[in-house]
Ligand SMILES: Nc1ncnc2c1ncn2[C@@H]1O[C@H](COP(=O)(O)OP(=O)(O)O)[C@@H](O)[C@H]1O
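What follows is a single chain, given as C-alpha cells, in the form predicted on its own.
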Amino acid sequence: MNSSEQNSLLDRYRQLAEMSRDLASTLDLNDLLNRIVHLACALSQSEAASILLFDEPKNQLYFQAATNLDEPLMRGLIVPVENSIAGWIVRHRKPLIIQDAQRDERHFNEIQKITKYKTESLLGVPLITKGKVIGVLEALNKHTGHFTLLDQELLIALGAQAAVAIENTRLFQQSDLIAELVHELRTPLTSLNNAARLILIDDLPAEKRKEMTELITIESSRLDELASTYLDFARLESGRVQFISEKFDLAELIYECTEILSSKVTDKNLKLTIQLSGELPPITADRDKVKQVILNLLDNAVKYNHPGGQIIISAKIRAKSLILRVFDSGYGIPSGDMNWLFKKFFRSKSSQHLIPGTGLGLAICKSIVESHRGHIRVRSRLGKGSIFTVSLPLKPGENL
C-alpha cells in the first residue's frame, strides 16, 4: 500500500470515528437517515447509498432514504423480502457484495424503473441492534474498481452505529407521541365517563338524557379523530407511509375538498371562494396525501375563523411550481408562535382554550409537502387572519 492509499484509508477511518458524534446529534429520523446514507457514500467511495427499513410484523422492507434520487415519492416504497437483494441480506443477516447487480436474479428492478438509476455494483449490510434486524444499508456503484472486504468492514461498522441511532430515535419519537396521546385522551374520556354515569340515573330528565347521549356521540367522534391523527403522524414519522405517484386534476380535487367541508362552512356562515388561475395542468403527486393537506388547511380556516368570515383557496402555476394558497379572515397567529407552528404538538395559547385539536395537523401537512420536495409557509396578522402557502414542484411538461 503506497502513501496515498494509506492516507485515504486513514481519512476513511477518521470519518468512521467522527460519525458516532454526528449520528447522536439528531433525533429527527429523516435527518438521521440522510446523514447515514451520505456517510455510507463517503466511506465506501461509491456513487450513491440508500437505506431500507424492515417492518418485521408485516415482513416488508420500506425504501426510506437515498443520496441520489430526484423522485420525491420513493419514500415508503415496498421492497419484497423474498425477491430482492435487500431481502436476502435481512433473511440471512449477512453483508453482501455484488459486482454485477444486473445479472443477479435477486435484483429488484422496480426501484430502477422508477428512479432511472442503474445499479451496477452493490455492497449491502444488515442494520442490527439488540439482535434484531431493523433494515439494510446499501452502497451502489463503486467510483473506481470493485467493492472490497475493507469497504464491507467500514460499512458494517457504520451500520452497527447507525442501527443503534435509528432505534434510539424511534424510541424517543414513540415515547413522545404516546405521552402526548395519553394527555389528549384524558379530556374526552373524562367527558364520556361523566356522561355515562349521568345516563344511569333513573330519574334523569329526558332532555338531560338526550344531551348526555349527544355528548357521548361528540366525544366518541373526537376520540376517533384523535386516534386517526396520531396514527397518521406515527406512520409519517416512522417512514411506513408509502407515497403513490399519479397524475390528477388539482382543480377537481380542490372542489372535492370544499364540498366535503361545505356543511361546516354553512354552519359558521362563512363565505368560501375558489380562485383558479386559468386552466391548471394535471399534476403528478400522491393525490390522497395532497387531499389531506388541502382538507387540513381548509378545516383550520373554518375552525379559526369568525362567524360570517371569509375563506379563499387559490391555485396557480408560477415558474416550475404549483402555488396553492388558503386565506382565512380569522383570529390570526401571534408573531411569537410563528416559528413553532409546524412543530408537532404545538398549539397557540391564544386559541387552544377555544378550539380543540391535537397540534399535529400542520406537522402532518409539512411532512407530506416536504416529502413531495415542496414547501409550506404562513403569513399572519393577529386579528386579521392568515395565509398558508403550499409550493409543489412540477414535473417537466406539467407547466405547459
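Residue positions are given as counts along the sequence shown, with the first one as 1. These figures come from a predicted structure and were not determined experimentally.
The same protein also exists as the form predicted together with the ligand; that form is not shown, yet it is the one meant from here on.
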Only one of 93-101, 325-333, 203-211, 116-124 has residues with a heavy atom within 4.5 Å of the ligand in the model of the complex, and that stretch is 325-333
Would you mind picking the one in Ala42, Ala48, Leu27, Leu341 that has a heavy atom within 4.5 Å of the ligand in the model of the complex? Leu341
Heavy atom within 4.5 Å of the ligand in the model of the complex - the one residue of Arg235, Lys142, Lys303, Arg287 that qualifies: Lys303
When you measure heavy atoms, are Ser371, Gly374 and Val390 every one within 4.5 angstroms of the ligand in the model of the complex? no
Contact test in the model of the complex: Ala65 vs the ligand, heavy atoms, 4.5 Å: no
In the model of the complex, is there a heavy atom of the ligand that lies within 4.5 Å of any heavy atom of Lys366, even though the partner is absent here? no
Within 4.5 Å, heavy atoms only: does Ser348 come near the ligand in the model of the complex? yes
With heavy atoms only and a cut-off of 4.5 Å, decide whether Leu61 touches the ligand in the model of the complex. no
